[in-house]
Each structure stands twice: as C-alpha cells, then as structure tokens.
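As a starting point, one isolated chain is supplied in structure tokens, in the form predicted on its own.
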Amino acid sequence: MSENEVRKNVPFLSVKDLVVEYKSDGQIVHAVNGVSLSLEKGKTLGLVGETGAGKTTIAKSILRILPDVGAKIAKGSISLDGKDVLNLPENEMRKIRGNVVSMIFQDPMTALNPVQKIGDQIAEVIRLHSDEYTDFEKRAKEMLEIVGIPAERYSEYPHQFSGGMKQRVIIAIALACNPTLLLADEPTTALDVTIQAQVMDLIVDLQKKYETALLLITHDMGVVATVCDDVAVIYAGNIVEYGTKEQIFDHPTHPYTIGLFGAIPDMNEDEIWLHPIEGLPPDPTNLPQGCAFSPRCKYAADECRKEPISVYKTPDGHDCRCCRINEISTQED
C-alpha cells in the first residue's frame, strides 16, 4: 500500500481522551471529560447535546483558542493530519488557524467588528492566513459573491446587514482561505427558520465544493439528519453515544439519546404533549459519581452510580457509554 493510500485511511482530525477544565471562583469546572472522536476529509460529524455539554469547548480546544486565564487542557491529544496541535508553538498554530482549520461562531452579531467594513474583515483574514492570494480585496469580493452577497457591498458595515446576511459574511470569512476543516458552532441558532435552511444549504454546498471536513455543533436533530455522516451525542462533557447517522437515528440506545428523540414532535403521531427529559444537567463543578446521567435516567441501577462507565458496543456496532444497554433494548422493544 502506498503512502498516499495509507494517509487516506487516517482521519484528518483525531481527538483522543480530551479533558478540559476551567477554574472559576476557586472551583474546577469539568467541561470536557475524556472525549475521543475522529473526522475524515469531506465528511461531517455532528456534535449533539444540551447547552453546557462541552461542545463549544471541544471546538475551541481544536483551534487552541480557549481563554488564557482559567482554562486548561488537562489531558489528551488533538492531531490534524497527523500533527499534534497541542504541542505546537503559537507561531505555528497561527498558520493553522484560518488556513487549515476555521470556525463559524454561533452569534454573527458578536463575531464581526461593528466599526470595520465587512470586506476589510474578510480581506484581513486572507492577508494574515493565506499564501495563495495576493490581491486580498479581489478575493474578499469573490467570497462575498460565493455566499450570495453582491461584491458592491464590500464597503458596508455590519449594522447594514440582516442577521442572515451577517452569518453569510461569517461563512465567507471562515472559508476565505479554503480550510480543510470547518468548525461550525450552532451556525443557525440566531436566525429564523427560513434563513436557517438557506444558511445550512450554503454551508453544505461550499463544503462539497471545497471538500472540507465539517464538525457541526447543533441542537437540531433535523439538521443532523440532513447534513451529517456521523453523530456524537454529548452529555456532561463526555460522548455517551457515537456512530453513523443511520445507527443513531434507527437504533438510539443510550437513555439520553432516547430522551432527545422523545422531545422531538412526530408529525405521524397524534400526540398532545412532548416527552422531555426530566431534571437538569448536573453541576459541572460537582459531577455525580459513575454515570453523569444517572440522576435523570429511569433505567439507572446501583452499578450506574459507582464507577465511571465504559463504552459498550451495541448490536449494530456503534458505541454507547451505558452498562444497561441490554435491559434498555429489552424494555424499549
């Protein structure tokens, strides 16, 4: 097998046993607790979970843009195309940000500089991170056209754009240097439903055009069903279920994943009420012993509250961090 063929089988992004902590008011916030995932070029992995589960922290760890004060990657490794980014000097990391890996942030209102022209903000990214383009303004105008904004609007300011158009500008910034990996942090949350669909279609079209790997952070299972190849369900800083989209949607196994699907309205059923998961996520400064989901889980037993739960293989071959999967599958059937 040739070297190129070997590299094709190696994930572009590999995260192994990642642990991230924040220090706040003398307490340790356990934000990410041993996350492992991988992503190949051209593929899409969806990170799904409630607010505070650690999804954004994972993305920021990949880019190494966690706050300098109070945040610490306590354990684990992150590699991009075989290169360990956690041990790179900052000047090398700057060459990776924007050029190899880029990020679409959640809120376009705060991601843009309100006193700088949008065209100049796109051009600045190209100037700082790309060796491919020398005419920065020309490339910035090309990116505006690619995301559906007339190039004539280059000299306008963020306040002159709607929320959906601002998000298009953010996408233009993120893709201006043709990154190999795109991190999209709930890119449609702040938009209305119609614009959400347009923006997601735009991201997917551009991903296919540039053969970009996409790590998509979202609450929307409908978006996951449409866009993703693989799905990682995260709870309290750990992946509780991980598999292909088909495996997760056809055979959800972890009680938390089952609960997420139970909270989605089924248009084919005559239901009056949804079935949300009872209770609240745990305090990340004081996580429960054993399974973090056990206080909210109707299947929890004594064994769930003693030791950290290992990853088990489900009958269809995907990963589930639950020691009760046999009992759950029997009751669900």
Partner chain sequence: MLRYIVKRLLWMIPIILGVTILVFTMMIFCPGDPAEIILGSTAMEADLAAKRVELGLDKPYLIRLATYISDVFFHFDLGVSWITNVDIMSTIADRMPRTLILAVVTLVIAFGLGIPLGITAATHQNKWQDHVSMVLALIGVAIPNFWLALLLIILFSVKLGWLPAMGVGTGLAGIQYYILPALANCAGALANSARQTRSAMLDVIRADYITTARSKGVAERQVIIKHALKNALLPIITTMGISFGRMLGGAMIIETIFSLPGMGSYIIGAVNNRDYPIVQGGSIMLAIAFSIAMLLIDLLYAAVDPRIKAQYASSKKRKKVKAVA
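Remember, predicted model here, so these are calculated numbers, not experimental data. Positions refer to the first chain, counted from 1.
Heads up, the form predicted in complex with its partner chain isn't pictured, but that's what we're talking about next.
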Please check if residue 138 has a heavy atom lying within 4.5 Å of any heavy atom of its partner chain in the model of the complex. no
Query raised in the report: Is residue 171 one of the residues lying within 4.5 Å of its partner chain in the model of the complex, judged by heavy atom distances?
Result: no
Contact flag, residue 246 vs its partner chain in the model of the complex, heavy atom cut 4.5 Å: no
Quick one: is residue 114 in contact with its partner chain in the model of the complex, heavy atoms, 4.5 Å cut-off?
yes
The stretch from 223 to 231, 203 to 211, 120 to 128, 145 to 153 that lies within 4.5 Å of its partner chain in the model of the complex, judged by heavy atoms, is 120 to 128
The listed residue (72, 97, 251, 219) that reaches within 4.5 Å of its partner chain in the model of the complex by any heavy atom is 97
Checking 37, 277, 300, 63 against its partner chain in the model of the complex, the residue with a non-hydrogen atom inside 4.5 angstroms turns out to be 63
Within 4.5 Å of its partner chain in the model of the complex - does that hold for a heavy atom of every one of 12, 83 and 87? no
Residues in 139 to 175 that come within 4.5 Å of its partner chain in the model of the complex by at least one heavy atom, in order, are 157, 159, 173
